[in-house]
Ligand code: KG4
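Shown below, as structure tokens, is a lone chain in the form predicted on its own; questions about how it binds or moves come after it.
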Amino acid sequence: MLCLGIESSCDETALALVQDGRLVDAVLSSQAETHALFGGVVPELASREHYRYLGALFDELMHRSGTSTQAIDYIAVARGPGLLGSLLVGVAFAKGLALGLGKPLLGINHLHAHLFAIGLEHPLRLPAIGLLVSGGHTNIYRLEKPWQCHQLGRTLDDAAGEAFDKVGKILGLEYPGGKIMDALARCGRADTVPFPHPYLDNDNLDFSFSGLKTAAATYITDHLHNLTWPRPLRNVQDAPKQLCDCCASFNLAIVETLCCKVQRALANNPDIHTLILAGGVASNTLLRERITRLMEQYGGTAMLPSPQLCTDNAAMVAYLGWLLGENGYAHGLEMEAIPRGRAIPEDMLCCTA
């Protein structure tokens, strides 16, 4: 069975085809350079760019893969969370296709799609603990089935990826700052700046990185304001040692905080021996190393997606759509886009229930 996936939740316009659990082909148009001019995503520009490219990308995908529209069995689209204007473009396009082709429509939770994307590269092992770390979310889940994802903890303010990008902006690094800070951290010492490990003085699984971001901003103002380096920074070897040490210390504080919460989740779910890492920050070098080591200590397995599956993509939407469609789930055309900040309802219908 063939599923078309459509992703337009933020600043990536993407479509993909997944057949019987395998990726057939995918196309993507990134807006990174456009939004880099403003140091962050501009919602109005993002939605206009989605509208501009979505139809052409669909035609390219069909032509390049040699697929006819009638061969599509399911149409899956990211319905949220994300930027409302961007989501509406993708959802409207998907509804038009579903109506015109007479195919089932599936509104996909963008966060769940990130978590299950690992199934495109490795056999899924469920139940599992899912750690989603992205620019907008830092959440922990207990994953039972593709349609049963129980949230155990969430970010209360700034997500880990957002903290990376905001501190990167304060440092004057190019957007998005997380990837550059990861590279700089590998050249620095992580024990030079005593950044706090935030929101650990509790027994829950929620996250809060706003205090760490403030601590980093204060340190930068007090200690790094006289530093100079090439802007934009093309080569990390040109960065001063103090900058690398700051990034390494900030990186360590976030990674150790994430690992502490994962340990709690594992202790609370002793029947689970698999952890799935997902989201843009899942490509962070230190996080991947520490999560792998942590799961080895627990006698379990860490499932780490390849870097291209960490960022927003349509393959993950198509894959989760395929999993849900094969199990009889679908939405009606009244399905709504859900922006960030609102809970996504469990309103899929199952014709096999």
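All residue numbers are counted from 1 along the displayed sequence. This is a predicted model, so every value here is computed, not measured.
Keep in mind that the form predicted together with the ligand is missing from the display, and what follows is about it.
The closest non-hydrogen atom of Ser283 lies within 4.5 Å of the ligand in the predicted complex. Though the partner is left out of this view, Lys179 does reach within 4.5 Å of the ligand in the predicted complex, counting heavy atoms only.
The closest non-hydrogen atom of Ile291 lies beyond 4.5 Å of the ligand in the predicted complex. Proximity of Ser47 to the ligand in the predicted complex falls outside the 4.5 Å heavy atom cutoff. With the partner omitted here, the stretch from 196-204, 213-221, 234-242, 132-140 that lies within 4.5 Å of the ligand by heavy atoms in the predicted complex is 132-140. Listed residues Gly279, Gly188, Gly107, Gly90 were compared with the ligand in the predicted complex; Gly279 is the one with a heavy atom within 4.5 Å. Proximity to the ligand in the predicted complex, taken as a non-hydrogen atom within 4.5 angstroms, holds for one residue of Ala26, Met295, Leu57, Cys310, which is Cys310.
Residues of 158-177 placing a heavy atom within 4.5 Å of the ligand in the predicted complex, in sequence order: Gly161, Glu162, Phe164, Asp165, Pro176, Gly177.
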